[in-house]
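First, one chain by itself in structure tokens, the form predicted alone.
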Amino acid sequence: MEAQSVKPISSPVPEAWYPTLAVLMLAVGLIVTASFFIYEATISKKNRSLAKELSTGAVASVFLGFGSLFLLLASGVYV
């Protein structure tokens, strides 16, 4: 009786969107990473902001992480 009420696990994102999301998120993550490196190279050590560095790094990390996840899912590696 209990087995009939169990629903299969499904993704909240349609599988057809995986490649698009992978490319989009990896592109955004790489752009934010590039802006982080440009910021580090152009701003003097006295004028740097720890909050800006941490927030930029966190945003880049999230986008690159989810982009990598969707890239793996799009290529058939189910994690």
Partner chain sequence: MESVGVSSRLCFILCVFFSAYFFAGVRSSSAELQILNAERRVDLSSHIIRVSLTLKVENIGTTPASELLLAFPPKQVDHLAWIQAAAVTGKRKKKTFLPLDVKPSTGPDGPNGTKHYSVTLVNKLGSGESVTLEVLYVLTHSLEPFPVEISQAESQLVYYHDSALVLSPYPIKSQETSFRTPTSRVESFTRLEPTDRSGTELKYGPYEDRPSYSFNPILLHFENNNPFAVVEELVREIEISHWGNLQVTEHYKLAHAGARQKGGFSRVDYQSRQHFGSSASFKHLLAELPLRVHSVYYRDDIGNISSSRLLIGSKKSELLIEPRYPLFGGWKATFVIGYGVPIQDFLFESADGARYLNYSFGCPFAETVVDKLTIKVVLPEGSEDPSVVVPFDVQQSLEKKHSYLDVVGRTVVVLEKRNVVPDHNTPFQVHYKFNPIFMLAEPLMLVSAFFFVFLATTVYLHMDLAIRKS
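Please read all numbers here as calculations on a predicted model, not as lab measurements. Positions refer to the first chain, counted from 1.
Quick note: we don't show the form predicted in complex with the partner chain, though the next part is all about it.
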Checklist entry - So, L54, A60 and F66: all three within 4.5 Å of the partner chain in the model of the complex by heavy atoms, or not? => result yes
Next on the checklist: Check I38 for me: does it contact the partner chain in the model of the complex (non-hydrogen atoms, 4.5 angstroms)?
Outcome noted: no
Checklist entry - What residues of 63 to 79, in sequence order, lie within 4.5 Å of the partner chain in the model of the complex by heavy atom? => result L64, G65, F66, S68, L69, F70, L72, L73, V77, Y78, V79
